[in-house]
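There is one chain below, alone, in structure tokens, taken in the form predicted on its own.
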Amino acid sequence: MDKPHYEPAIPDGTNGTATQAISADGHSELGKRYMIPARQGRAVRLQKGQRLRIINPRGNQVCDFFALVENTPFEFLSMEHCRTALGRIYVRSGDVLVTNRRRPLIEIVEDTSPGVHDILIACCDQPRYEQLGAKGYHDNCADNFRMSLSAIGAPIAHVPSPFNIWMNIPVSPEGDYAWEPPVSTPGDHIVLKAHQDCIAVMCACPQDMTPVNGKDAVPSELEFQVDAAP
């Protein structure tokens, strides 16, 4: 399914993400709980100071999280810049995550899980699943990112590496890493504060060929809501 010419905005396939945005422009109702179906993604616009609560109802699901600065598609939440800013490869509550322009964008203000998340691994895409042996099109987070933004009329200039919430990628002293099930539990949530107006994209990762979504490798739904600045 290789594209003759790679275009960041064009997905390799489609699913309900493309047609089931939370609203035409991505604005939410404050305090309303929204569901992200398994294997799909959703985009939501956040104003500076607002808080985004992401919930893991079944406890086993990874959320690929992306954020773009509003009206600036070339500035986005950047894991490589976060690793430099934090001086480590793991995040903690209280950390402020930065853009590719090294500006604060997202702050982790609350985390009820054990705090095991990943900022190393790129989002899954069609070539990744082909390498794993998938036949035909496979839902993936890169396409969910593209479709989530397209569904609300937002431009897509690049597919960045995500903040992989609840993804468990332990790293050995020798630098090797493994793909392990999440250690989060049903109902765990994380709260993220926007430091700038931005568009957040959340994907209920479709990975079912490694155990990152649980030992049974069965993706499930996520939920989220936006709350006003306190």
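When you see a residue number, it is the position in the sequence shown, counting from 1. Quick caveat, the model's predicted, so the values are computed rather than measured.
Not on display, but discussed next: the form predicted in complex with another copy of the chain.
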4.5 Å heavy atom contact, Y137 to another copy of the chain in the predicted complex: no
Is the gap between P127 and another copy of the chain in the predicted complex 4.5 Å or less for some heavy atom pair? yes
Given that another copy of the chain is not shown alongside this chain, does S93 nevertheless sit within 4.5 Å of it in the predicted complex, heavy atom to heavy atom? no
May I ask you to check whether N60 falls inside a 4.5 Å heavy atom distance of another copy of the chain in the predicted complex? no
In the predicted complex, do S23, T112 and E223 all reach within 4.5 Å of another copy of the chain through at least one heavy atom apiece? no
Of the listed stretches (23 to 31, 36 to 44, 176 to 184, 52 to 60), which one has a non-hydrogen atom within 4.5 Å of another copy of the chain in the predicted complex? 176 to 184
At a 4.5 angstroms cut-off on non-hydrogen atoms, which residues of 61 to 96 are near another copy of the chain in the predicted complex? List them in order. V69, E70, N71, T72, F74, E75, F76, E80, H81, R83, T84, G87, R88, I89, Y90, R92
